[in-house]
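As a starting point, one isolated chain is supplied in structure tokens, in the form predicted on its own.
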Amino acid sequence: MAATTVPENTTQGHARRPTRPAGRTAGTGTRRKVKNNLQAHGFLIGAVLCFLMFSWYPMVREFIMSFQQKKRGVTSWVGFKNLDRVYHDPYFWTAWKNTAQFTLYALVIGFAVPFVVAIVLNELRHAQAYLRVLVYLPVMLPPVAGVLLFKYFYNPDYGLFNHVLKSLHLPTSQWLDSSHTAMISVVIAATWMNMGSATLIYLAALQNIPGELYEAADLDGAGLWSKIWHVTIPQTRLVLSMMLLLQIVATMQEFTNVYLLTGGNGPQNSTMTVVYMVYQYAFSYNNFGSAAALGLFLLLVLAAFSGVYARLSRNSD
């Protein structure tokens, strides 16, 4: 019987697959990597250009304009003259005092309320998704619509708030028409419109806390306040620190709510803020150099505060 020969390209009865040249595989992989890198760098370059155009360029332009003055279409360098003018403005310290007051009220109300609401939502077991949407709903409203809604609520004659006070046989308030209540009224409106985002961030941080920590606290006989103080706050300290810094920076630049609710100045200049003074210099007095100088003051104050806050946070770690 004739012997059967086994083909060279077979092993154990299975045919070997023809192998591609190594150079072709390497070349294809290299081209694919180059293509992916080009796409990634293209998106990155676009984002960097947008950041430079809409963030860094305005800051650099503001810094340059703060040392310039434009009269009859001619721009000239005036040195520190604009800074000196805004510093000696009779309303300079009034605006800073009102800005600090707004920031303080916003921290007491706008920083604490979203955290408490997040704790309550985290403890609920039913309708949590519905309540989260309800809390976030004011953020989805246009800011102007929300402000005008509160302006209607604050009306001393037919507003909702005074109507509720009258039905409870309590004294009514002038709200936005009184220098004693105008600023706190603006803070309440701003808190209602902006608390949704902060609440969801806090809620996400709370849901990442291990449940074993609360179980251990229960075994130790800890009460509600003790668990919040010794478990919840330490476990969300980083998020709280970040939100505190962001809120202070944002409230120091308050303009929209103050301008739409009280016209900017408010009764007896009680709601005039630094950013509203910048607006006045730029668009009421047509003095963009002084407006840029005042904005530079605000930038330096916020930068100094952020640096000190970052240093203190690093040391506390």
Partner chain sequence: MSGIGYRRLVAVALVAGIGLTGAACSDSKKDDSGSKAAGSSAGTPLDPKTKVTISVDCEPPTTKPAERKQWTDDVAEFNKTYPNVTVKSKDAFPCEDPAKFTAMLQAGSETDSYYTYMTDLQQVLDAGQAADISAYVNDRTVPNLKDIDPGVLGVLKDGGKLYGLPTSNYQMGLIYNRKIFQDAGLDPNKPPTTWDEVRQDAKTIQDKLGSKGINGYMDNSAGNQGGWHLVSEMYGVGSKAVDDSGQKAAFNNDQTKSVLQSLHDMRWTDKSMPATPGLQWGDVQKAMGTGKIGMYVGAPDDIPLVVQQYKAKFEDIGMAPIPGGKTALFGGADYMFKKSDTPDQIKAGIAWVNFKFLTLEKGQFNYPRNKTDGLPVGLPQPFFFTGASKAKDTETKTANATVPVENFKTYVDAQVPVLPEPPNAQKIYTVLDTVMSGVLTNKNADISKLLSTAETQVNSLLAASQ
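Positions refer to the first chain, counted from 1. Everything numeric here is computed off the predicted structure, so don't read it as measured data.
Just so it is clear, the following notes concern the form predicted together with its partner chain, a form of the same protein that is not shown.
**Q** Does its partner chain come within 4.5 Å of any heavy atom of K71 in the predicted bound form?
**A** Result yes; K71 sits at the interface with its partner chain in the predicted bound form.
**Q** Using heavy atoms and a 4.5 Å limit, would one call Y91 a contact residue for its partner chain in the predicted bound form?
**A** Output for Y91 is yes: heavy atoms within 4.5 Å of its partner chain.
**Q** Can you tell me if N286 lies within 4.5 angstroms of its partner chain in the predicted bound form, counting non-hydrogen atoms only?
**A** Yes.
**Q** Can you tell me whether Y279 touches its partner chain? I mean in the predicted bound form, with a 4.5 angstroms heavy atom cut-off.
**A** Contact check for Y279: yes, within 4.5 Å of its partner chain in the predicted bound form.
**Q** Taking only heavy atoms into account, state which residues of 172-192 are within 4.5 Å of its partner chain in the predicted bound form, ordered by sequence.
**A** Q174, L176, D177 sit within 4.5 Å of the partner.
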